[in-house]
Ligand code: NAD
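Only one chain is given next, in structure tokens, and it is the form predicted alone.
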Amino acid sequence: MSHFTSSFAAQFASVRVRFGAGIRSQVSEEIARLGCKRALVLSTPPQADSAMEMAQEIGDLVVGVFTRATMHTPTAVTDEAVAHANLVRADCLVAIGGGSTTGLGKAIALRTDLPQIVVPTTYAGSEATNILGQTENGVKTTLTDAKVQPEVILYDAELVKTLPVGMTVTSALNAMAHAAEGLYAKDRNPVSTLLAIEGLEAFAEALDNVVANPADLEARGRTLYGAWLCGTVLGQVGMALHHKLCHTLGGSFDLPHAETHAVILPHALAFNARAAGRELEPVSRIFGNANPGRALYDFATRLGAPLALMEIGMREEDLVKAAELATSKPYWNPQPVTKEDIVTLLEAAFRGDPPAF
């Protein structure tokens, strides 16, 4: 069935995307293609070895390595990174890692307009967007700016084949959330809907194989394909309740990013399905349950994903505060949002129960 509508707008960024096992070895080629000669390599502390390996691969085109990227992109870390980039006179950035490293690269680019090459090692998908989330004084905010859109993305299945199964699943659900909310976005268009469906199908087809055989490069490549598609959806349309809740829980209560998305997604979809059941029909079809929230809850359960906020550091006494923060400023959502409903949603998510709606 065609997803054509009689009136819509779509906008695509100019991004070079390459897929292939071992493609990371061609970062130097991409640096030169950008006309750059002084790359700064970025990573988180746990991926410092990967950053050093990347620096060795780049050779004479690298002028520094900064390995302090941090979850939720604190502005204080960005301050340090920008100072380092200026000190070494970097003319481009190479981010190797997941959403934290990509976020730092974007935050640096926002202030310096340096071009970015991203080599993802998770399925976060943020590399495909012009969206930046930053945290300051315990509050996470997001912005959209062409400056933060990476110029080059290299998807290398070899870099995710050793990603632990647990991280694989939570990172994938994080990516899938972009597509799922994109299906009912206020500004969705036929192309974003097609991308969302294809992205969800790619994950549905590949994740069981990845869990059974994490070194399966074909399956890993397919999940990276899904991450790119889902991330592209995130860059095309606005998000709603799910992302608002996750930003609140992550930025204000320091919950881990991907795990929070994994827990909240089934509950947010079940809540919104009351007003967007038709738009969420592809989720029900792909994952096999008439209730799209329950469909993803069962899928997450089968894959061994975390199901409860209490398992990932949330305190029960903070649920009401979280609901207040998540409803303090109005935002578009297909289903009207009240503090009482969000408390009910969060209570079920806290316990790991099936969606309450």
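Predicted model, so just to flag it, every value in this text is computed and none were measured. Note that the rigid core is defined as the largest set of C-alphas that superpose within 1.5 Å between two forms. From 1 onward, residues are counted along the sequence shown.
Keep in mind the form predicted together with the ligand is missing from the figure; the text below concerns it.
Next item on the list: Mark Leu163 yes when one of its heavy atoms lies within 4.5 Å of a heavy atom of the ligand in the model of the complex, and no otherwise.
Entry: Looking in the model of the complex, residue contacts with the ligand include Leu163, since a heavy atom lies within 4.5 Å.
Next item on the list: Would you check, heavy atoms only and a 4.5 Å threshold, whether His72 touches the ligand in the model of the complex?
Entry: Yes - in the model of the complex, heavy atoms of His72 and the ligand come within 4.5 Å of each other.
Next item on the list: Could you confirm whether Gly59 comes within 4.5 Å of the ligand in the model of the complex, counting heavy atoms only?
Entry: Answer no; every heavy atom of Gly59 is more than 4.5 Å from the ligand in the model of the complex.
Check: Could you tell me if Leu132 has a non-hydrogen atom within 4.5 Å of the ligand in the model of the complex?
Finding: So Leu132 counts as contacting the ligand.
Check: If contact means any heavy atom within 4.5 Å, which of 185-193, 250-258, 269-277, 204-212 contacts the ligand in the model of the complex?
Finding: Of the options given, it is 250-258.
Check: Here the chain is shown alone; which of Lys140, Lys147, Arg285, His84 has a heavy atom within 4.5 Å of the ligand in the model of the complex?
Finding: Exactly one residue meets the criterion: Lys140.
Note to self: Counting any non-hydrogen atom inside 4.5 Å, which residue from Leu93, Leu265, Leu234, Leu241 sits next to the ligand in the model of the complex?
What the structure shows: Partner contact (heavy atom, 4.5 Å) among the options: Leu234.
Next item on the list: Heavy atoms within 4.5 Å of the ligand in the model of the complex is the criterion; list the residues of 321-357 that meet it.
Entry: Result: empty, none.
Next item on the list: Once the core is aligned, please say if the CA of Arg285 is shifted by at least 2 angstroms between this form and the one not shown.
Entry: No; that C-alpha moves by less than 2 Å between this form and the one not shown.
Notebook entry, point to check: Has the Cα of Lys140 moved 2 Å or more between this form and the one not shown, judged after a core fit?
Noted result: Lys140 C-alpha, core-superposed: shift of 2 Å or more.
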